[in-house]
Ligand code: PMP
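As structure tokens, one chain now follows by itself in the form predicted alone.
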């Protein structure tokens, strides 16, 4: 089949979510790189949006998948059979933050958010939910309800009732969290707001306020989990213990898996009145859990608490240019801030032409995303940064 016909079939039969998809035809991915149908080669500087934390097709992930395929794949709906990959993965996740010791596996981050919404309302028997302005927690109905940006949400109204939005960093607004509040959803680094790091002092006050009124604190680590900010979970880096923690994306080494985690006491609310309070057919798929187990071990072997700050330092020291207003973010979830959306888009296009895949942010189109696989070496990252600088400078010179 010709490349042209494949592209035509893509545009005709694969549901489109934008009028101008990137449209790169990928034949292979390995490590840091994507390979095109005409011999193109791109360094993936965004990890498929914080997914490929251990790179593409990591050998240990592939080995774990093959080993599990020899045993079994899908067996039964979630929670009925004892499946070794699920059990081992849940135990390892529980070992990271021992007070969060019960894990419900899903297929994606947005499904995990949906499960967390049900769990916090069922456990507290309250309805009111708070999230933060310019937060992104997913695109399904419940997750979309947590979004403040009406451009994305209004066309799909009505959404969940009694959902309200706070301003990140505004300590005075915390009094709105009251005894009628079921939960507050928060990101440690607001990903789609352009890698905005939330003030740790504010997070501490938020934790205290939730505890005072009996509301559950739900920490969304869909983008930050599995080492991206240095600690295994970003919450560890700010000394926050959530009541519910949500993880996905980088969790599966490229396989689709997510989870919401809580204490056994809280999680048990889904098992009674009604029984089967949350159900999934494919959540916790044995092959995906096996891949995640391998990913867990790889992340731990990378010693991210030591190496991620070094990688961040390389980006901050190297990417210095008059067009870069600032660099936001933490660890390997960073954003270059430009003056306009249009300039950022031109730089992104120039990077792709030069063999670097990067992207923008949903609520910050004037920012360029940098979140490569955590397996990237210091030398590889330095080379990538210099290519990005070349692209920036070319666009900048045109404007002079």
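Residue numbers count along the first chain shown, from 1. What you see is a predicted model, and the numbers here were worked out from it, not measured in a lab.
Keep in mind the form predicted in complex with the ligand is missing from the figure; the text below concerns it.
Heavy atoms of residue 228 never reach within 4.5 Å of the ligand in the predicted bound form, leaving it off the interface. Within this chain, residue 250 is remote from the site of the ligand in the predicted bound form, having no heavy atom within 4.5 Å. Contact check for residue 100: no non-hydrogen atom falls within 4.5 Å of the ligand in the predicted bound form. In the predicted bound form, the ligand sits beyond 4.5 Å of every heavy atom of residue 130. Comparing 91-99, 301-309, 108-116, 268-276 against the ligand in the predicted bound form, the single stretch with non-hydrogen atoms within 4.5 angstroms of it is 108-116.
Distance criterion of 4.5 Å from any heavy atom to the ligand in the predicted bound form singles out 223 from the list 223, 262, 86, 181. Only one of 196, 120, 243, 187 comes within 4.5 Å of the ligand in the predicted bound form through a heavy atom, and that residue is 187. Residues from 123-145 that approach the ligand in the predicted bound form with a non-hydrogen atom closer than or equal to 4.5 Å are 136, 137, 138, in the order they occur in the chain.
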